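This document starts with one chain, in the form predicted alone, laid out as structure tokens.
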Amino acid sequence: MVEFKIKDLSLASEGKTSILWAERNMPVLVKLRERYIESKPLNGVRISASLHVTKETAVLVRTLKSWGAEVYLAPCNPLSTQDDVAAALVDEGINVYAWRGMSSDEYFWAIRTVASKNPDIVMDDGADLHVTLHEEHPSIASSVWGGTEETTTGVIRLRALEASGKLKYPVIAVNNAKTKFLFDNRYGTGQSTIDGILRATNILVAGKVAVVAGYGWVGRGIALRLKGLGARVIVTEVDPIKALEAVMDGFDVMPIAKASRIGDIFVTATGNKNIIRAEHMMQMKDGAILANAGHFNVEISVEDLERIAIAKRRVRKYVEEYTLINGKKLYLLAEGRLVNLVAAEGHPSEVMDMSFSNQALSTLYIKNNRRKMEKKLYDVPLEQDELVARLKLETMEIEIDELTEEQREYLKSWRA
């Protein structure tokens, strides 16, 4: 019996069409699915996952099921679920507990539900599921073979858990794979964040001053796309090396206290909390737009915004207008949550092809190596990273050179 709690099962047909569109643009994951579909290497393996329930995630989940896994899926954000996709997955025998617009209580109910299913492997995006298992189900966590983590924020949380000596099972940091962060974080988030801002507001970016908080790979991608659309881009950073990179990439760099006076559009991408606070909001231009591209809705202090506002109204589907005590109006997008997944559809399928290929292959690695893995964070094996890149190039019909034997020997030698 399939277990589920979703919005509307009648949306399944529409969801299947969306999933097929994603599959067309995720050829690497489809190739991997076909490679192992007969041997079913995950036969009898139970996987609990907390991921954005999108058409791209559906391609991953279908792959895991085709390999024999029993999958329990919860969201990793209350507002990112595509209800038609959730319905399609249930119709195909996946246990899904997700619908768009969940309350905080409903969201954590779904997380706790999949945590309670005694998973062999845990797949997460943001570490809410990992943390719930450790805090509320320690006995279940102790029997988990291993897990994966999709995003920077989740890896940061798990590093802290590992440093405290409390990590109960090995976790592969999929986010740290080069075929993930160099493409998903940079090109995927860069494009989808701008997509979300434009869908929510329909503003003209050209000529505006855009402030990007954080110059990690996500921030790089967003800054690059904003520059390409004609914005004058300012970067704020706390890391001197990243700040120097931003300067040499052609961006202005300054503290958020200074940037807040001149920005038209603000986008946070730091993985930290309270990046934009009341003191910044109070000196912003009338009409400034606030958007978040970090995993959790903590980067823009919505609590501060509510406190210094005398009026609030919804002016567009994903746009809240706040009138401040000084009379200025600020516009918060997507409730301060991930703007690319709330106001748009998330990353393009082409980059999720590589990220989710790494997720799928990491489940096989955990199953095959679980008895010798320690309770710590692991990077994706280099061979796996290179396999995903080679398969991606192959599907794009791009060929590359190979080293000759003479060149290999030269690289091994210290002699001239």
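Note that residue numbering begins at 1 and tracks the sequence as displayed. What you see is a predicted model, and the numbers here were worked out from it, not measured in a lab.
One more form of this protein should be noted, the form predicted in complex with adenine, which is absent from this view; the next part is about it.
- The closest heavy atom approach of Glu345 to adenine in the predicted complex falls within 4.5 Å.
- In the predicted complex, at least one heavy atom of Met352 sits within 4.5 Å of adenine.
- Adenine in the predicted complex comes within 4.5 Å of no heavy atom belonging to Ser362.
- Using a 4.5 angstroms limit between non-hydrogen atoms, Ser357 is distant from adenine in the predicted complex.
- The partner is not drawn, yet in the predicted complex one stretch among 52-60, 367-375, 381-389, 35-43 has residues with heavy atoms inside 4.5 Å of adenine: 52-60.
- When you look in the predicted complex, the only residue of Leu341, Met284, Ala87, Ala246 with a non-hydrogen atom within 4.5 Å of adenine is Leu341.
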